[in-house]
Each structure stands twice: as C-alpha cells, then as structure tokens.
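What follows is one chain in structure tokens, specifically the form predicted on its own.
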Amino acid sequence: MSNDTHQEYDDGLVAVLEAVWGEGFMSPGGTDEVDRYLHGIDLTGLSVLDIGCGLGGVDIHLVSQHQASKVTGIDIESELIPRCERLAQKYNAVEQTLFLCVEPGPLPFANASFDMVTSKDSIIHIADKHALAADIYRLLKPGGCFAASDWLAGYEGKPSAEMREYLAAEALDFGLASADGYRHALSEAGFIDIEIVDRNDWYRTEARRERDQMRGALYDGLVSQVGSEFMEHEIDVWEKMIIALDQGQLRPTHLRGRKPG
C-alpha cells in the first residue's frame, strides 16, 4: 500500500514550520519544550520510540542531549523520512537513530520493545486515543514511561465557530481529544502516575510572537521560497489559531503516564 495519500506536509508548509519553529521541528517550542515535557526523566541508555517523528529534531535531541541509546522515529509520511536521515547525518547521530515509514494503525513492533515512548504534537493525527494508548502500553517495557506533548481540544462535543474556521484553514487530518478523553484512554490502557499539564497560557503568548516574526523578519525569506499567496495563507492560519487559543478551544498540553513495573 502506498503512503502517497498521507502527504499532508509538503515542501512549502515544511519550510514555513521549520523557519518558525526551528531546524528539525514542526511544532512549537523546539528543544526547550521537549525538555519541559521530559523534565525529571533520565533517558540515559534507554531505547525510545518517537511517534510522528516529522523532521527528526526531537530524535536528534534525545540522543545528543539526553543520551538515549537508540531512538526509533516513525511517521506515515514517506517523504519526511529522508529529511530525518539527513538531519541525523548532519549531527552524527546515524548509529543512534532509525527512521521508518509506517502504515496507520497498530504499530509494527513486538511487545515490550521500548523503555520509553514519546511524541511531540503528532498524535493529534490519530483519532482513536484509546487504541493508541493501548498500543503504546503494549510496546513499553514494565516500568516504562510515556511522555509527550499534543494539541488538545478545550471542549466536549462540537467546537466553536472560530475553532471550526481554524481547523478548516489548517486543512490537516486532525483528531483532537479533550484532557478528560486522554486521561480516560491512558487509565483504561493501564497507565499509572498520569499527568496532564496544560500549556495554553504559554502558547497564547508564543503564537503571537511567531505571527509577528512571520509578518516581519521571516517574511521576505519565506516568500522567496513559498510565494506571497502561500505565506499570507499561513499568517491567516496563525491569526485563526490565536483566536482558538484565546477561547481555550485549542490547548497545547503535556502528557505523561507510566506502565507498572
């Protein structure tokens, strides 16, 4: 089965996201935000699975700064995998990383394969959080940890009109869940020590700074890469996202749970 149908992040969008969020990243905060959701976790010598590795920035950071022994990054977008591999080559992390294109659905690894499972703002694309949580639990060794960030819904049921406008502008395959939905999915899967930390206040400020950069210092350089029409569309996406953030409808969040030892 071809993965061509899963190519949502084309070269233009990747160029904008990486310019705004940093080399190797497709979501806010870069390495600083990774460090925040990993706070207190020692990854030294651990095997890690990164769900939705994107451009590979998280994976390189985990081996270079957190001393993970092996990080396996997976994504359903085949065109992103060579980007990850090039980044690993650039930072001399080829031996400690493995990047794979996978099909949507249950993950193709044996039970208890990893010490830790992580994801940076990618599991928004997976609608069935209960099936996801159960699969992550299966893949973790006893005592293993799930630590991630994701975009959560600040509502139950239907989103506001403004949130719907934002989602339509993004035009990506999002499957948002609420904090209660995540907590229930993780608990039902068997996780303990579940932590859910809301980051909406932080990102409401950060998103405005990003938008201003896109309008200012980043504008000409990005227009030369993606064109003015595409750039204006992306700025409009940010404007709509800021409204959704202000309403509390879109809530960046840190997630954590542990498999009993």
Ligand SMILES: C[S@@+](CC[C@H](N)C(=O)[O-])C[C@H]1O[C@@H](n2cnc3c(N)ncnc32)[C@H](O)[C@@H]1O
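Predicted, not measured: the structure shown is a model, and the values here were computed from it. Note that residue numbering follows the sequence shown and begins at 1.
What comes next is about the form predicted together with this ligand, which is not displayed.
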{"property": "Full three-residue contact with this ligand in the predicted bound form, heavy atom 4.5 Å, for N200, D246 and P252", "result": "no"}
{"property": "T97: touches this ligand in the predicted bound form, heavy atom cutoff 4.5 angstroms", "result": "no"}
{"property": "Partner contact for F25 in the predicted bound form: this ligand, 4.5 angstroms, heavy atom", "result": "yes"}
{"property": "4.5 Å heavy atom contact, G29 and this ligand in the predicted bound form", "result": "no"}
{"property": "4.5 Å heavy atom contact, H125 and this ligand in the predicted bound form", "result": "yes"}
{"property": "In the predicted bound form, segment of 75-83, 181-189, 158-166, 133-141 with a heavy atom within 4.5 Å of this ligand", "result": "75-83"}
{"property": "Within 4.5 Å of this ligand in the predicted bound form: residues from 42-64 (heavy atom criterion)", "result": "I51, G52, C53, G54, V58"}
